[in-house]
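First, one chain by itself in structure tokens, the form predicted on its own.
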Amino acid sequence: MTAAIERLVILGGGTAGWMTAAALSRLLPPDIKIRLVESEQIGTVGVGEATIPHLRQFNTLLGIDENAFVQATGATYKLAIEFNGWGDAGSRYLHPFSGFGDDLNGIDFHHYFLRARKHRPDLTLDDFSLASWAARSGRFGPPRPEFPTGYGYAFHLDAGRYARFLRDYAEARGVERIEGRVAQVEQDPDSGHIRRLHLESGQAVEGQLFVDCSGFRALLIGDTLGVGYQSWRHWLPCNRAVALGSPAMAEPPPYTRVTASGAGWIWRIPLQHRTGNGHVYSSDHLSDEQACEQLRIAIGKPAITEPNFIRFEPGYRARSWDKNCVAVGLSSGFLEPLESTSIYLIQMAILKLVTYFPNARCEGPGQDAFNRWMALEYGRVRDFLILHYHANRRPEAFWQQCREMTIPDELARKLALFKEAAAVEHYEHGLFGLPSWLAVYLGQGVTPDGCDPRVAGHPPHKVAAHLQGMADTLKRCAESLPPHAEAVVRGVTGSPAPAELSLYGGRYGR
């Protein structure tokens, strides 16, 4: 019988490293020694200031009090992402953490919505999402039993503060932090497995399983083990970002704003103590100086930080787990922050590592299952992001290139199916469900030629009248919620992690 793992080493801190340390210290047997090596001399990217509802499951799994977390991380609540200018320059829509309307007679709601718009072209999907109504009105509260539909919520947070919060949590549970920079990685001459990290101080850190959270450097999975990286830039053309902080907003909205620019997009993320802003762009179409200047203009007020320029190559590591090394976070891949999925992908890798936790041999069917799952997650997030770029009607050269590019076959099939019959192909696994695809399809002007024939026979004016009553009810429910800023200060009660999001996946909304 192969021996169990007794010594686990995490290389790198930041969000990925301390999420990993905190979760493993909570979920693994206490006799496994966990050590984390990081250096104060090496900065972190600070991945993810905007999150999705799955983070609530992660925090709940760790036993973290939500209100304490919100105050410790300077967080605000998040109900949706607002997309400005992604269809044409004047378009605007929300991708909320909820479904839209109620399915009727076993038929997806959006078929009735499309029929109603024949009579009421002013109707939008947002009219049938409680999360959208609350986001637009600047209100927030956890879902209530009396509401006709549910919704999820997430957070805008200070990633650095979250890492420090989790460091305190992990160290209290016995994780040992070692300060130092790696000078050499020692491998077994026969198996190629990593044996020890030799630090510049002369200290050697020995382990049986290594988790690479070293960011874009990928010191273990890439530099040491030589696992290749597959670039997806031909589909995701942005490869640069510049971030700037600005003063906190007096009335922070409960949603992230992303606004299309001439060669990329600009984010705005409201925190309690500041506002995070950034410009994601293609270096083929825009210089760093131009990108920073456009960001300053978009902010419209003096910045409170110096510009932080980030270079990245959108893509994915050929294997996230190789030999006795598991890559988590940026060392595994990066797909840009458009849909706030970076922390989600960290979370999924951690939980799947626990699910397939190996013995001391560190190779076998669990490793294969982990790699298949993570490849599926990255691929499906990739396709959803590509849709945003491809389904545009903007005139700039950057956007024309995105509109005319050849897209992955699976995405092309999904898009053709929706255009023909308003049908949304369901994934058995994957983050984004039917409401997410609908939000982007219809929000960016992808109009289907038809809808379900069982709905097509209903008079549009009667369908519209029925749906209007539904929209009015949702609006009243949203107006009963407190202002978002008040909820941030007071905290929330009676808000367990949403049951519809499993520990190992789940989708937005229902």
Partner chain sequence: MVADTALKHIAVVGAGAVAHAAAFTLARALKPSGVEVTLVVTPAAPGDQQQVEISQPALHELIGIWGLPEPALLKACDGLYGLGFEYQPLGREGFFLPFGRHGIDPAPASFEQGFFKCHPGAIAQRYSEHFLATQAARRGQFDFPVDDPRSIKSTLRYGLHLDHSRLCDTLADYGERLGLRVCKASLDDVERGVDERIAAVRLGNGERLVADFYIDATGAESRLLGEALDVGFEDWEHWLPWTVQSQLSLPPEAQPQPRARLCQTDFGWERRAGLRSCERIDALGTAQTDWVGWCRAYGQADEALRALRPGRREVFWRGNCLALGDAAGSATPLVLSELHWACKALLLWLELYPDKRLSNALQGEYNRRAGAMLAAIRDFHLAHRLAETGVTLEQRDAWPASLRFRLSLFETQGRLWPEDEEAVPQEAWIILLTGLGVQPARYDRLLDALPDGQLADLHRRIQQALDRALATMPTLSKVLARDAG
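Residue numbers count along the first chain shown, from 1. Nothing here was measured: the structure is a model prediction, and the numbers come from that model.
Keep in mind that the form predicted together with the partner chain is not shown, yet the notes after this line are about it.
Of the listed positions (306, 289, 368, 188), a single one reaches within 4.5 angstroms of the partner chain by any non-hydrogen atom in the predicted bound form, namely 368. A heavy atom within 4.5 Å of the partner chain in the predicted bound form is found for exactly one of 64, 471, 446, 28: 28. Residues of just one listed stretch (449-457, 462-470, 65-73, 478-486) have heavy atoms within 4.5 Å of the partner chain in the predicted bound form: 449-457. Looking at the partner chain in the predicted bound form, residues 416, 423 and 426 each place a heavy atom within 4.5 Å of it. Residue contact check for residue 42: none of its heavy atoms lie within 4.5 Å of the partner chain in the predicted bound form. For the chain shown alone, residue 5 is a contact residue for the partner chain in the predicted bound form, at least one non-hydrogen atom being within 4.5 angstroms. The closest non-hydrogen atom of residue 358 lies within 4.5 Å of the partner chain in the predicted bound form.
The partner chain in the predicted bound form comes within 4.5 Å of a heavy atom belonging to residue 372.
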